[in-house]
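The data below hold one chain only, encoded as structure tokens and taken in the form predicted on its own.
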């Protein structure tokens, strides 16, 4: 086996696709991630809204590569890169030398300079985020059941989502259905059907990256579920008491942030140019400027398409970039000519509105309604890892479809209602 050492930082879609595509390439691979699991992020909102459990959308990275002796998996956090020495430094103090480095470190939520909002308005990027939101969601109903002050009870039963992209729309739809269809028979002192689900968007419409006709359909479907749309309103403050927008105050004890993303510090590690979201502005072969042995893929990279539009930060794009970077690395190891520059192939945009409607934009072909929802579901089940996960997710969806009951409604963390009151 060649001693060429490929260090991959990040076990998301881009990182795993690259490692998979390098099988048999004759390289020694070290995969580093801060968590021991790969997460299927497109379904993360379903963990946050009690539909799926964490084990149904996450898999141990070590298990995924247990039959790949060329792959070493490390649990660790990269804190710096020495490009001169070609080495990465981990928080533990460990240093790893590399011949080729791949940064697939993803992104986190961005608060546009107001990071102090994060404790009261968590974003949704990790399993920890999802279980935090799920806990707050369920505890809000529990606290409302015993609350005697009408104003406080109303604030407890108001759920505000900031940002009307796919994540915000999907969260709003499921929370509305949970309150109106699943929970009403289970509470005695409150009518969960009176729950307010508020979706705040600073832009002119929901799902701004979709065609206007699909955006309009999504707006109508959300309103039919009872979601309040606050379009064209900018958030100016988030507190434990609610959200202040440019149009007024919304008393709300549960806030979810779905309004923006910020890339990892990869650009700072390399000391290279970055865009406004902190993503590395890469070359046409996805390498960092001035560093042909460093590839940057996925949400960490700012990749421009031929027409000048940026490649979207979605899972299929990350997987295409990971596969392309692997192709370049394989060509170098074999002494073959480099492949043509990276070219993104858009395979469509998808979003769901509740458990019975969705929209799909394939460009010329646009679908909406229950047919789109079934296609969306089949596509997501197909891309899950392993037969067990596919069966478990399909069964969970079928059970909810037939019974209306969400199966993942356990409050299991050690935090109590008292802790949540003082968060």
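Numbering follows the first chain given and starts at 1. As the structure is a computational prediction, the values presented were derived from the model and not from experiment.
There is another form of the same protein, the form predicted together with another copy of the chain; it is not shown, and what comes next is about it.
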Practice item. Answer for residue 355 alone: is it within 4.5 Å of another copy of the chain in the predicted bound form, judged on heavy atom distances? Key: no
Practice item. Report whether the minimum heavy atom distance between residue 60 and another copy of the chain in the predicted bound form is within 4.5 Å. Key: yes
Review point. Does residue 37 reach another copy of the chain in the predicted bound form, with heavy atoms at most 4.5 Å apart?
Key: yes
Point to revise | Contact test in the predicted bound form: residue 276 vs another copy of the chain, heavy atoms, 4.5 Å | key: no
Check your understanding: Of the residues 304, 87, 323, 75, which one places a heavy atom within 4.5 Å of another copy of the chain in the predicted bound form?
Key -> 75
Review point. Of 142, 191, 116, 213, which one comes within 4.5 Å of another copy of the chain in the predicted bound form, counting heavy atoms only?
Key: 142
Review point. Tell me which of 41-49, 383-391, 357-365, 370-378 has residues with heavy atoms within 4.5 angstroms of another copy of the chain in the predicted bound form?
Key: 383-391
Practice item. May I ask you to list the residues of 36-56 that have any heavy atom within 4.5 angstroms of another copy of the chain in the predicted bound form, in sequence order? Key: 36, 37, 53, 54, 55, 56
